[in-house]
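The data below hold one chain only, encoded as structure tokens and taken in the form predicted alone.
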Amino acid sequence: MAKKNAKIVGNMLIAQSGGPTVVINQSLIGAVMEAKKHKEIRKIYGALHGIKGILNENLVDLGRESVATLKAVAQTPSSGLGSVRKKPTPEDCAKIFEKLQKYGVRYFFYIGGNDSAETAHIINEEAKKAGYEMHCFHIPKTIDNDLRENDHTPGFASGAKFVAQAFMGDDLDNAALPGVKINVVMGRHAGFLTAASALARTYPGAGPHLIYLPERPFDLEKFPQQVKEVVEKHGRCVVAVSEGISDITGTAIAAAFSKEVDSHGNVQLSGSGALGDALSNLIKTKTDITRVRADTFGYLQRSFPGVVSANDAKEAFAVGREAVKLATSGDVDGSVAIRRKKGRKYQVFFERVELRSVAKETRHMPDEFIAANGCDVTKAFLDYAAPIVGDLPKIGRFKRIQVKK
């Protein structure tokens, strides 16, 4: 545990980083509204586009925004302050501290995923080296649900709800006009979001019929045959594929179609429909199936208005609020983790964890969530995901009582 110091008086700076989500603004506003309650926090600055905003001194005074505006922004998808994908260099860190000191910042909050946690960790370590007293906290966010120490992360449940509902609609479409439909879902190293497609199975025989995750090797040779077997059984096949599926060597299948990388060195996987098109063509060339279509959900999953998990919104607001509570209570640094209480009723609590335990490294779908055949999920995953995501639309179907000829 970090050593607790006496409370310090100063300004607060908060920023958002990484991929936007439906509820990332809930965390932002949760932190801002909590900060307004603490007299040791004088001014509340927001940096536009993450650490770029700090470096460029592109700041806004969030403390002067009305409560009505704050509440409206909380309900709005995507990053209200703008986001960024930038890993700070040592030179950046030195400049960041110049800016933090210039604006009297003693409370720093960074909302984002594991790359963002790493950035917060770097800034925090540099602050210690410089002897600059600052409370530095990471506020979790990612639709990938791949942050360590967390049962689940803000943004995942709403993204999962979008995926589940998209597959519900696509499955109904596919049932009306049978064929093979492939949907590529976000998830570089973790398959949680793709796995959420299984929540769309609301009647016997409903898709997705095959689910492929990054946690299991993807076999390009077996894939067409697996699809054909489903078509022979159901007369059609809906497939959920994670963008991060990899071969036996760990090389992403999509990497062959994308050479673009971000500032953290990650190959860009969501920029095109190349993976879906390649898998579609593979089925057409290796089987006698002719009606094959593919879609890439891409960035639609992240900030789609109107598709939000109630639990997700509530918990996202709470982690922002909790980060400020921890910082003003004397905790020097850390990340806020969501834990699930034991028992049949869904309940969570929040806990401070070390920044280094969340930074950089990702977590994966546990083995007990993945079916033995490697292309489906288990009941254990459904039991885990369903209460987070919440209610889904009800599907009505005819009994189809045949008329005698």
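Everything numeric in this text was worked out from a predicted model, so none of it was measured. Numbers for residues come from their place in the sequence shown, where the first is 1.
One more form of this protein should be noted, the form predicted in complex with another copy of the chain, which is absent from this view; the next part is about it.
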| query | finding |
| --- | --- |
| Per-stretch contact check against another copy of the chain in the predicted complex, the hit in 332-340, 372-380, 359-367, 22-30 (non-hydrogen atom, 4.5 angstroms) | 22-30 |
| Site test, 134, 309 and 326 vs another copy of the chain in the predicted complex, non-hydrogen atom cutoff 4.5 Å | no |
| Non-hydrogen atom contact residue 94 with another copy of the chain in the predicted complex at 4.5 angstroms | no |
| Exercise: residue 221 in contact with another copy of the chain in the predicted complex, heavy atom 4.5 Å | no |
| Contact flag, residue 295 vs another copy of the chain in the predicted complex, heavy atom cut 4.5 Å | yes |
| Residue 37: touches another copy of the chain in the predicted complex, heavy atom cutoff 4.5 angstroms | no |
| In the predicted complex, the residue from 85, 148, 216, 286 that sits within 4.5 Å of another copy of the chain by heavy atoms | 85 |
| Residues within stretch 369-405 having a non-hydrogen atom within 4.5 Å of another copy of the chain in the predicted complex | 393, 394, 395, 396, 397, 398, 399, 400, 401, 402, 403, 404, 405 |
